[in-house]
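In structure tokens, one chain follows: the form predicted alone.
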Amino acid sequence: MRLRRLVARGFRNLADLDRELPPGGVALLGANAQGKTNLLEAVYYPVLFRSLRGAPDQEVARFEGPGFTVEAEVEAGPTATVAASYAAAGRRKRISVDGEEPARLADAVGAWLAVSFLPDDVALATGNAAVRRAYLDRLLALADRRYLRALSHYRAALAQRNSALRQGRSEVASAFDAPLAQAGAEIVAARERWTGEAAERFTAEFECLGEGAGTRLHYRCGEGLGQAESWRPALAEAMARDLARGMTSVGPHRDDLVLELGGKPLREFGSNGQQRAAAVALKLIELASLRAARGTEPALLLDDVFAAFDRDRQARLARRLLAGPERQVFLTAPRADELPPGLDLPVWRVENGRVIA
């Protein structure tokens, strides 16, 4: 899957652009705060129709502007055009695929497919469980629309149940147990299946990046919650606690993707290099998982990720990330000497929001 053309108007500090993209991708050079990451963000926006940095749409729009438009022309079998526009007045967003507005967001998500790797993604190894749950949800939602639908149903039921718990209405809260269990079991089962398949690859990728052995990846959740029938007794047992706290304490919104090194939490006992390698390994697995699930090679977006590694690790990382003749790569760096060795991509500069080929 390749991005053939990108249109972006009113997006962050970027000057309005309409560009053909090289089939292999491009290296973006420029000083800090010139717009390199903003351009990657525009490339990624039509994947999930939200900022890759988690910013709300009103912050993505150019300051005091009317809103923004992003349009991606994608080569994936028949060429598809995926577009999104946001109007600051009323905060309205419209999405289209080949000019048609989908009935549901889930029908448009993943029409354009990319994996991003930002410096902050080291939080996959160092951050709290919420970061890793978001990683799982994004990956599995892009891999399978059924997961995205289950996640949407689960979040809706969870919000309603928590609202009833905050009001002390246990009977009303219990009315949402069934839909919560149905969607929640689907989510937990999908996460468990993925982790079982990814665990061995995680260890191999970590070792391939030169950080030694002894890593382990596993999913921590409530016992049996991959089966819908296990939920009712678990929720009933937790009801008194949930009423006291005003929130549901059982379910995949409480789970974690656990990374261990030598039997201990990697986030606490791993070195900086080991934590970065673990984050890279998870990104490589994300890339491979989406390729296998969707039958196409996602584009790869790398934001200044090489600067934190020494030359040996840069070379190892470049071999893993940039391999594959079908892969389209967009990467950023402040200077040419910070690009990985052997990189064969056209170089564009970004200055004051303007892209210069």
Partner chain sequence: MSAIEALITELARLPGIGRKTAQRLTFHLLQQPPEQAGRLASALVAVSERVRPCEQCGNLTEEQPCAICRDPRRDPALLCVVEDASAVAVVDRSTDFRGRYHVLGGRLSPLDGIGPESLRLDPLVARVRGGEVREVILATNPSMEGEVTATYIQQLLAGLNVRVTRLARGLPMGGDLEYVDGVTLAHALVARQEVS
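Numbering follows the first chain given and starts at 1. What you see is a predicted model; the values in this text were computed from it and never measured.
Keep in mind that the form predicted together with its partner chain is missing from the display, and what follows is about it.
When its partner chain is placed as it is in the predicted bound form, which of 242 to 250, 257 to 265, 80 to 88, 163 to 171 ends up with heavy atoms within 4.5 Å of it?
That would be stretch 163 to 171.
Consider Ala156 of the chain shown here, and say whether it contacts its partner chain in the predicted bound form, taking contact as heavy atoms within 4.5 Å.
Yes, contact at 4.5 Å.
Test of understanding: in the predicted bound form, would Ala175 fall inside 4.5 Å of its partner chain by heavy atoms?
Residue-level check for Ala175: yes, a contact with its partner chain.
Contact flag, Arg216 vs its partner chain in the predicted bound form, heavy atom cut 4.5 Å:
Output for Arg216 is no: heavy atoms all beyond 4.5 Å of its partner chain.
Even though its partner chain is not shown here, does Pro179 get within 4.5 Å of it in the predicted bound form, heavy atoms only?
Output for Pro179 is yes: heavy atoms within 4.5 Å of its partner chain.
Please pick, from Arg201, Arg193, Lys93, Arg149, the one residue with any non-hydrogen atom lying within 4.5 angstroms of its partner chain in the predicted bound form.
Only one option qualifies, and that one is Arg149.
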